[in-house]
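For reference, the chain that follows is the form predicted on its own, supplied as structure tokens.
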């Protein structure tokens, strides 16, 4: 049996479940998940190691969207589009319960990349009655006959993921392993810690504010007792946003800290002392220099 390895660009409009699918495939919470769109801001690599030694390297990308005014929005769109050209296969995820023009835009971009395209039809568990899924799949096949495969699945319930992998594997090249056998992501620990904090912030904050919030880890080390010491700065774009993030009597920031610490204990595998504070960097999402300094280089 030949060993294969290659890159799969995981693309789609916001909120179709790309990050949930990546985590389900890899079996680890590599990518944060919230009910809000544009949770994923940068490309995230997750490596699936198969029993025969083959490797599928999934690249989770920000949701492709129309808002391109801010430099941050442009970076997110560019990251998704570049991932398609860098990949061996493009996996376009759509929501079985809500197909629309945005999906067509993503699919057109995927086929323009010249790479084989697989359509993953996610959230099939939300389609009722079940028979209603058949016309959805038929319509996709008629609309996009060039698709190499169309696979219905539920990332949340881990339904049909083996069939998805079976469809993707023959499309990547044969060759030696791309990554060490114990590597599941290219993101360092500081990045994953910062994302844990940002995830809890996005859940707690009102609708608009999360998109003007960034997190950087200023300290990440173990003390002599083996306890993780984590210090992270939360960056906002306007002075008035500091109070919103802190909350009345500091309650919101305290809630975020408690929830983030619980996630970090699991991620870091031990007790955690977490310190959070809020700083203003005016209009950072519109400032190219600030974007670079906060980790949004356009390369990740």
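For clarity, every value in this text was computed on a predicted model and none was experimentally measured. Residue numbers count along the first chain shown, from 1.
Just so you know, the form predicted together with a small molecule exists too; it's not on screen, but the next bit is about it.
The small molecule in the predicted bound form is not approached by residue 115, whose heavy atoms all lie more than 4.5 angstroms from it.
Proximity of residue 196 to the small molecule in the predicted bound form: non-hydrogen atoms within 4.5 Å are absent; the residue sits far from the partner. Not displayed here, the small molecule is kept clear of residue 192 by more than 4.5 Å at the level of heavy atoms in the predicted bound form.
Contact between residue 35 and the small molecule in the predicted bound form is found at the 4.5 Å heavy atom cutoff. Heavy atoms within 4.5 Å of the small molecule in the predicted bound form belong, among the stretches 122-130, 224-232, 84-92, 171-179, to residues of 122-130.
Between the options 80, 215, 164, 155, the residue in contact with the small molecule in the predicted bound form by a heavy atom within 4.5 angstroms is 155.
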